[in-house]
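Only one chain is given next, in structure tokens, and it is the form predicted alone.
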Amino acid sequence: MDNPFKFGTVVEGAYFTDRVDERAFLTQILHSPNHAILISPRRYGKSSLVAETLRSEKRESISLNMQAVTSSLKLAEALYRRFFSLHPIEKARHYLSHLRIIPTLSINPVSGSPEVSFLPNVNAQVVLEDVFAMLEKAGQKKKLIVVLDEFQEILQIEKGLDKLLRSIMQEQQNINYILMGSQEDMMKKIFLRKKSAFYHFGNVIHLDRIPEADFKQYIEDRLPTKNRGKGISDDILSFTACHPYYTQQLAFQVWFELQQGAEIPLSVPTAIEHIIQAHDFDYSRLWESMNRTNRLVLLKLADNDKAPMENPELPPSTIFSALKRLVSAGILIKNGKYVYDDPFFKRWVKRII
């Protein structure tokens, strides 16, 4: 029997967990003239939710991670490449005829994927307007879905890019956009601040952790029959606090330990220990890269979840700056209070105390 738990990649089909309400709402948005804004910390399952929703939609979609974009011209090139991955270049000439600046197109002989480039000193704004106009034209018969992940990067790529994109996208009628981001403060700044170019651009979906009862049932259904109802799922969720990624990771390891003959009371602690050992080098390298302030804050948080601001060794302003850095780096999550994103790293840090 194959291990029924999956993590580390997009989770679809039988591996997909819950998210019934969020998926229904996202589907409703895609069947309207509106757009979706999806916000959650990293590894909460945004990409899996979108992939599972798109799987049931018989429509073309283009996905792009904005972290890979360094300029407006690179954004245009990436969109062209993804579009021509859907529409073979030799069959898409009618789209090219409407462009003001024609890109140089070729096929990578190794991967077979399309390559796109432009001559030096090209007008990047015109190129960007052209590619979005092409996408709009492609959605005339059946609306195109465009997914832009880590959308908060738009504020870092190029000054004024957010205003330019909003001016283009707000006029389009044949595209549903899904704009995702893991930096909650920045995403709120983009979509909920009145002076922002993208203020109220779409319907905001805040993706939270999966409810404990639903996750418990999901785990119980996938454990070997003889191990069900013996507290294993409770122990897993107690450790991960229902974090989607780390719950799947721990459940995967627990299932393996049970298959190897581990005793039920020891299956979860043994699995936790094996995962920490497997990541010990990465955790050590991460810890060594931190300054003293970050380490003190993390040590305080790992010590019985005490409030990080209650640290006599550091002034509150210094602690607050450290917390912001740690959230930005994805090490902490601000969810009412500051908590570790990775429970295994938290357990590793507690051993230092």
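We number the residues from 1 along the sequence you see. On a predicted model such as this, the values are computed, not experimentally measured, just so you know.
The discussion below concerns the form predicted in complex with a small molecule, not included here.
Not displayed here, the small molecule is kept clear of residue 347 by more than 4.5 Å at the level of heavy atoms in the predicted bound form. The shortest heavy atom separation between residue 245 and the small molecule in the predicted bound form is within 4.5 Å. At the 4.5 Å threshold, heavy atoms of residue 40 reach the small molecule in the predicted bound form. Interface membership of residue 338, defined by any non-hydrogen atom within 4.5 Å of the small molecule in the predicted bound form, is ruled out. Here is the short version: of 63, 47, 321, 294, the single residue with a heavy atom within 4.5 Å of the small molecule in the predicted bound form is 47. In plain terms, the part of the chain that comes close to the small molecule in the predicted bound form, with a heavy atom within 4.5 Å, is 245 to 253 out of 272 to 280, 245 to 253, 78 to 86, 136 to 144.
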